[in-house]
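Below sits a lone chain in structure tokens, taken as the form predicted alone.
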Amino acid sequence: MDTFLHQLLSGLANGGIYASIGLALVMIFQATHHINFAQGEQAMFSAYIALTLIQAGVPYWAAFLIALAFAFIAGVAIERVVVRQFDNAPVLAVVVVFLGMLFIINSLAGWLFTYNVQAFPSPFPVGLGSKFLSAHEIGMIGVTLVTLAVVYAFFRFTPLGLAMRAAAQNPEASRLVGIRVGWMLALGWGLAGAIGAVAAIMAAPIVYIEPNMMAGILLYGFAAALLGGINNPWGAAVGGFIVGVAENLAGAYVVGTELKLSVALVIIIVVLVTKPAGLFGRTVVTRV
């Protein structure tokens, strides 16, 4: 029973990371109707920024906030400089752009920071741990929940958040009421980049940091987004926790730790075949 509880709670901790990445993917999808395959690489690069600052003597949480600010600015810049140029491009061209961004950011990180695997410090004291969860896992759950709560409050209660939601859901009507849709979408990219950075920085002490650290996590995040609903941000967040628990339990009792990544692939295939809109997504019907 203790082993089961450990796997369950550890899955919730991992699920918080997948929820953050899934939320970031859904935010980009709502803005562009495309999947940002470079989301994980953007997050990874921000984690390297945080590690560099920490190694330079900057306090952990100050480095954390600076890395989030960097991720936000980088997300806005990518949307304004790169993505904006392909607004009316064919879908395949946009996919190639996102894949190109993935390889460019990955190679840039390897060139700047090397491909060596490095340890990443955890800010949470060892005494915070329990029989079932490590101190970092408990702290990771806390940081994830705070992040999700802040994002929810921002979109639900602030004029800027409401404007960003309106611009993503109905850009034509938003322009008619004076909302600067282009900038709202750019800010959405920035916010998605910051949320992804939170996931990468929290995951780094567990998976260690190297340029390919987010490859598997991005796949789990994609599974979370599809499971919860690719057009429902909060469904994607719930999907992240479900995927985290399913991955851990399947790895412990069904497929083994070596094949845990296959759980994400199975979830993606099952959702696409049986319920493409996800658990909480809405089905869009278009008159032709």
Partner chain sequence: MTVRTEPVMAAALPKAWSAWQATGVVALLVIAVIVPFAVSSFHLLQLTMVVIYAIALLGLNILTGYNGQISLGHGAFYAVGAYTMAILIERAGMPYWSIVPVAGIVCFIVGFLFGLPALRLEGHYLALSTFALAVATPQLLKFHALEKWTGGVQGTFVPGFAAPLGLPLAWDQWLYLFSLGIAAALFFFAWNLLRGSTGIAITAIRDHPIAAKTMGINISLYKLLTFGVSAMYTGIAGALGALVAQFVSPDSFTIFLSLSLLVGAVIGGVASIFGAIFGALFIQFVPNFADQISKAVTWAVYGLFMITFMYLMPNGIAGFLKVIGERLRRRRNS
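Think of the rigid core as the biggest set of C-alphas that the two forms share within 1.5 Å after superposition. Numbering follows the first chain given and starts at 1. Values in this document were obtained by computation on a predicted structure and should not be read as measured data.
From this point on, the text means the form predicted together with its partner chain, which you will not see here.
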Which residue among Ile73, Val82, Leu128, Leu145 has a heavy atom within 4.5 angstroms of its partner chain in the model of the complex? Val82
Just one of Phe64, Phe222, Phe241, Phe45 has a heavy atom within 4.5 Å of its partner chain in the model of the complex. Which one? Phe222
Contact test, all of Val95, Gly100 and Phe103, partner its partner chain in the model of the complex, heavy atom 4.5 Å: yes
I'd like to know if Leu226 sits close to its partner chain in the model of the complex, meaning any non-hydrogen atom pair within 4.5 angstroms. yes
Counting only non-hydrogen atoms and a 4.5 angstroms cut-off, does Ser262 reach its partner chain in the model of the complex? yes
Spell out, yes or no, whether the shortest heavy atom distance between Tyr152 and its partner chain in the model of the complex is within 4.5 Å. no
Please determine whether Ala77 contacts its partner chain in the model of the complex, using a 4.5 Å cut-off between heavy atoms. no
Listed range touching its partner chain, judged in the model of the complex by heavy atoms within 4.5 Å, from 233 to 241, 46 to 54, 64 to 72, 29 to 37: 29 to 37
Align on the rigid core first; then say whether the Cα of Ile54 has moved by at least 2 Å between the shown form and the other one. no
Could you check, with the core superposed, whether the Cα atom of Val263 shifts 2 Å or more between the shown form and the other one? yes
Superpose the two forms on their rigid core, then report whether the C-alpha of Gln85 is displaced by 2 angstroms or more between the shown form and the other one. no
